[in-house]
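Only one chain is given next, in structure tokens, and it is the form predicted alone.
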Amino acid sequence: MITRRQAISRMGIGAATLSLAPLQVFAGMEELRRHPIHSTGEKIPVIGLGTWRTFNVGDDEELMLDRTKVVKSFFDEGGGMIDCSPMYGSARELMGFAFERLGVPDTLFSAEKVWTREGSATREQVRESEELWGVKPFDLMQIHNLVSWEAHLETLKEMKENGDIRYIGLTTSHGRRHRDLEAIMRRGGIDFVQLTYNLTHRSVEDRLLPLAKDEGIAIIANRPYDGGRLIRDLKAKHEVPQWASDAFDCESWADFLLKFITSHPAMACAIPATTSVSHLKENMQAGRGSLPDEETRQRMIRHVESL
């Protein structure tokens, strides 16, 4: 694994291929919809950026530049939350590389994770991520997949009280450990929960999403495209139904899938990952325009189930 400094030094003259125009929302562009962080009322854009798999590019110069262009486009489109983890290979180094070239936008909502079984290593791993990103303090620090959560949570609460991080969260994925997560949510003291939620994986609707709403916990939806399989299959085999366009400004499968997620009243943000600037722009467009109502959401479920 390379360090941020090593990555930058290896770029050399190749960095000149990247346009360093100022980050800004294009004139006349509709702003992204924002949803509240329930514990404070602060609002964040409903479409964020995930980095799982997509930003693990090692020291490949061309791929590092490509991903930096994705990051730049994300902020040009009005993006806020970028979510990363020590588990994601070289993704943290890539974030530092991108911000070294682009600057750190004021609109960034930085979301990282603690991922170590050493309960005493919480602060050390946070400091390591701060150095790799070139960002301090993080807006959100999450305990990845509940690993050693009791020890990490105690330390993170102290760090939040001291102003070393702004928000605390827990994550899970693939439907794992929902009972454990529910019990922790009921204890209080956390601001965010990140979990898997998409149109074909909705088990969290029964207990976790209503609980989050009741407890004032903001929800981040990971795997909104089921690791990419869901949107690839729909794009390859089916057209977006016309009724969706009439009902809620839906022009693409990205609109269809992401607006289903972000229309749930417990949802703060969805974090699709991509390697493509064109796909990034398509994802961000799903944060604009109207959202489906509950009747339309049920029609969306029935439609995808019928395909």
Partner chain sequence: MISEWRSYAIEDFIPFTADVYLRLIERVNSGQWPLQLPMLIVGLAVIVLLGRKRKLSAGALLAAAWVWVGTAFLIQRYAQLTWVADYWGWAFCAQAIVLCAFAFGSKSDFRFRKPFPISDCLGLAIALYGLVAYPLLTAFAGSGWAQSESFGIHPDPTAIATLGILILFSRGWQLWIQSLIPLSWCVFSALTLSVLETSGFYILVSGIALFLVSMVWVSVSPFFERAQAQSELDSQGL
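From a predicted model like this one, the values you see are computed outputs, not experimental measurements. Numbering follows the first chain given and starts at 1.
What comes next is about the form predicted together with its partner chain, which is not displayed.
The partner is absent here; in the predicted complex, the one residue of 69, 53, 281, 34 having a heavy atom within 4.5 Å of its partner chain is 53. Residue 176 is the only one of 176, 235, 127, 186 with a heavy atom lying within 4.5 Å of its partner chain in the predicted complex. Here the chain stands alone, but in the predicted complex its contact with its partner chain, taken as any heavy atom within 4.5 Å, falls in 61-69 among 61-69, 238-246, 36-44, 259-267.
Contact annotation: residue 271 falls outside 4.5 Å of its partner chain in the predicted complex, judged by heavy atom distances. Heavy atoms of residue 171 never reach within 4.5 Å of its partner chain in the predicted complex, leaving it off the interface. Contact between residue 90 and its partner chain in the predicted complex is found at the 4.5 Å heavy atom cutoff.
Although the partner is absent from this view, residue 223 contacts its partner chain in the predicted complex, with a non-hydrogen atom inside 4.5 angstroms.
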